[in-house]
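Below sits a lone chain in structure tokens, taken as the form predicted alone.
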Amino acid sequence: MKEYVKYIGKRIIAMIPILLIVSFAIFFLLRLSSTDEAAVIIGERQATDELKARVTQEYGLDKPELIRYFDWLKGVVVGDFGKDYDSGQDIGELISSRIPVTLGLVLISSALGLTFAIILGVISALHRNKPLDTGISLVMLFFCSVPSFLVSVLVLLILTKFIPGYSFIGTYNNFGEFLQRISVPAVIMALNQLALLGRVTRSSMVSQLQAPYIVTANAKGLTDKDITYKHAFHNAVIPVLTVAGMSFANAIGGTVLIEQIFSLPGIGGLLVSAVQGGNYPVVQILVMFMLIVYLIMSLIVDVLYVVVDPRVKLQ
């Protein structure tokens, strides 16, 4: 356990320079735009010189960019993410109200995608070069090739035509309504992950089933079940974990289109509207949030390697 804590501590410390470099880059790249931040804050109101001067001073827009960066960074460290330019709401509260939708989408889609990908991938590998393997591979290839937004549009057309009573827009007041709203988009996201992870699982299982140690296991008289699940699958799952971890992290950004299509109030839709409206503080925090998720998933995958395969050492 001490070794794990030490390794995790080192990785967290190594993340700090990455976060600082990305935060610096995103802050100054956004400011290369010709967008007038004061005008964005004022919005539809008449932008008088007096009002513009007051907003500029209130938000510190008159300070040098480097000073503004360090002020923003200092606020982020203590949990003050700034104010939303559109509503004046605290960005932390704004994002926290939308995280359940995005997190629900990602968790459900990842759980469904990984579970069925492993099942179908193993079945396909065990029936290699047979009709069942061909059928499963074709289905996976189809869903891996077709964009999620196209599947979403087709599903919406089918739902509105054949299930007119189904509601996929509006608010949700309880957990049941929450699941109803995110179930269909979560399944659509899962299909793409299933296709990718299923193909990786099949390829990895086929490679392991052809390895020399499988011949040795057969010679020792081990059952097919033990050979398949205790030996071949145990080794085959390692590359699957890598792809699954990165797929989970990428799914956070992948919710952008799905949330837009299904009118879901998640952070993906918030990021799109923030970029379009020049709402820089929100864009900065969301980009950093997605980066942190990606780095954390990378760390979790590395630790899982050791849990699954004791031959792998933490370094």
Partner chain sequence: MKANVKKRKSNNGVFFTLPVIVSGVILFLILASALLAKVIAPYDPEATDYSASLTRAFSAGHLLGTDKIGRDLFSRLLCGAQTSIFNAILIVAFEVIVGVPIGMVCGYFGGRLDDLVMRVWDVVCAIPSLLLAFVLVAAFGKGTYSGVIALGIVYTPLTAKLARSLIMTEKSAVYVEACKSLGYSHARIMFVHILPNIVTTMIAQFTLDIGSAITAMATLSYLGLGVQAPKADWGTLLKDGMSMLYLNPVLLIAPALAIMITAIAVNVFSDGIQAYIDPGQRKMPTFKKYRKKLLKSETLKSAEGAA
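Positions refer to the first chain, counted from 1. A quick note: this is a predicted structure, and the numbers were derived from the prediction, not measured.
As for the form predicted in complex with its partner chain, it is not shown, yet the points below apply to it.
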- prompt: If you check Gln210, Thr115, Ser96, Thr160 against its partner chain in the predicted complex, which one has a heavy atom within 4.5 Å?
  reply: Thr160
- request: Taking 4.5 Å between heavy atoms as the contact cutoff, choose which of Ile285, Leu264, Ala249, Ile41 touches its partner chain in the predicted complex.
  value: Ala249
statement: TL;DR on 74 to 82, 189 to 197, 151 to 159, 117 to 125: the one with heavy atoms within 4.5 Å of its partner chain in the predicted complex is 151 to 159
All of Pro100, Asn174 and Leu270 with a heavy atom within 4.5 Å of its partner chain in the predicted complex: no
- request: Give a yes or no for Val301: in the predicted complex, does one of its heavy atoms lie within 4.5 Å of a heavy atom belonging to its partner chain?
  value: no
query: Going by a heavy atom distance of 4.5 Å, is Leu61 a contact of its partner chain in the predicted complex?
result: no
task: Evaluate Ser87 for contact with its partner chain in the predicted complex, applying a 4.5 angstroms cut-off between non-hydrogen atoms, and reply yes or no.
output: no
task: Flag Val256 as yes or no: does it have a non-hydrogen atom within 4.5 angstroms of any non-hydrogen atom of its partner chain in the predicted complex?
output: yes
task: Quick one: name the residues from 285 to 305 with any non-hydrogen atom within 4.5 angstroms of its partner chain in the predicted complex.
output: Val287, Met290, Leu291, Tyr294
